[in-house]
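Okay, so here's just one chain, in structure tokens, the form predicted on its own.
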Amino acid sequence: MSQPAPSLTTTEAVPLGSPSLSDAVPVDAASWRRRVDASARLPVLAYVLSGVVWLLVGTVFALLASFKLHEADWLGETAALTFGRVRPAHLATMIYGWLSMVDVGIMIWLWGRLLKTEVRHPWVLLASCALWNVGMVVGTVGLLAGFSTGVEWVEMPVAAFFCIVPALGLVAFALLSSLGRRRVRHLYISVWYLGACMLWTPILLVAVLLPIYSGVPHATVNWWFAHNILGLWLTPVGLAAAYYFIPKVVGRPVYSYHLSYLGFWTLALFYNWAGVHHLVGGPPPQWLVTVSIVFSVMMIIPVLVVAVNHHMTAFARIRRVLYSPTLRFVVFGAMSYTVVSLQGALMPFRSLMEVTHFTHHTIAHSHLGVYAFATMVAFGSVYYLLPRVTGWEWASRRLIALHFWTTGLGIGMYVVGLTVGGIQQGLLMNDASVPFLDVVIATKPWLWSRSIAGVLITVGHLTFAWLVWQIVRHRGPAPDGPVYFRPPPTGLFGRGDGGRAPVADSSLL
């Protein structure tokens, strides 16, 4: 039985950016934060550590797939390591393993903090994590053994999703059951995003896995799902985290709370119609493709709304990115969200698709969203929450900086190289006088840039995994305060304990 709510007499200033900051919290704010963090500790650690393991597994598959694009015979004698198996294994382990599982860990922690209540049913959450990992093992081994559905983004054997979908349902049950016991009257915008994606995602997965499609309807549903698993699952978690951490670290409310409402509802209304524009020139009815194009362009509205909110909140105190690891990663991700979404609103036009369709440009675009936005925000979130649930600090600011620069420069090099190479590839393929083999040869330097970028990113992933392992084991110097890239000026981040032992100049109030 949960304990009764303590008396509520004071208010918390950040990150709430609502019209009225009247939601009360216990007098000893640090005390309730510690209770919330303690209740979330085991499930958060389980999901974050699982996500990091799958991040490393997915990185290995990514390097194999990338090098095979310009060294086609490399490891080609082993069936399990051929491109047709390694590439789907990479996508599955990164989307459903790394990013989905670390996002659930972030959701659990944010949910308790934003509702100001202990996380309920921690053992249900631990069971869901175990079930999810079983599904990932079944799916990854199945792909390497050749048992693929052949449907992009859901290539794992259906048996894997028989584990993942119920696991997600258990997460939704555990978190949504705490709504009635929350200690706040107002629901911050991050709760809206997190609650909605917990309802949307199981529906998406069940809909795409129904054995009722074939031919053109199957292709249509496939791309409807592929776009929406990014827009209605990974994007809401990333935006929820950005809406929490940017105001929290910079120490000021969200620029406009009314804009955050507009951003949420327009995302919910418009994004669901996108995706079929990937079949421009294909067999679906042209009216359906046109509707998808129209709503893709209308996504400019929520994108600009979120961009104004995030950037106006951060830019007033933007120099804090020089010091705070969390803010640097999250701001990088928020800026990438703006770029990838504006790019996505323009890409569906038929005149542009004539050049970029079926080229490496599409791969660059997807990585700009999944990695530069969603993954970088996830990194920043983990740098904030793990010290709170472990009661320890990060072992090395230099290694955190190494992680940022290798992943930031790596994904930048990846996106620029494949964008330029993809446009060149599309222009050459549209020229009937150019033999296809010449097109392949022309793209090879850009594929090398992709692999070099992948090596850089791999260095960052190994560094991140080592840092996570060290903080979980309480290794490194005893914490005497938050870890910054450089010592901040006194008072830059205020004072507070962030739910841990008292520290000086904490940006993590």
Ligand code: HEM
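The structure displayed is predicted, hence computed values, not measured ones. All residue numbers refer to positions in the sequence shown, first residue = 1.
As for the form predicted together with this ligand, it is not shown, yet the points below apply to it.
Shown alone, this chain has one stretch from 187-195, 316-324, 367-375, 297-305 that lies within 4.5 Å of this ligand in the predicted complex by heavy atoms: 367-375.
Though the partner is left out of this view, Arg328 does not reach within 4.5 Å of this ligand in the predicted complex, counting heavy atoms only.
Mapping the unseen interface onto this chain, Ala395 falls outside it, with no heavy atom inside 4.5 Å of this ligand in the predicted complex. This ligand is not drawn, but in the predicted complex it has no heavy atom within 4.5 Å of Val36. In the predicted complex, this ligand lies within 4.5 Å of some heavy atom of Leu69. Residues Met94, Trp153 and Arg450 are all found to lie within 4.5 Å of this ligand in the predicted complex, as judged by heavy atom distances. Comment: this ligand is not present in this chain, but in the predicted complex one of Tyr384, Trp109, Tyr414, Tyr271 has a heavy atom within 4.5 Å of it, namely Tyr414. Leu99 is the sole member of Leu125, Val340, Val249, Leu99 with a non-hydrogen atom within 4.5 Å of this ligand in the predicted complex. In sequence order, Arg450, Gly454, Ile457, Thr458 are the residues of 438-460 having a heavy atom within 4.5 Å of this ligand in the predicted complex; the partner itself is omitted from this view.
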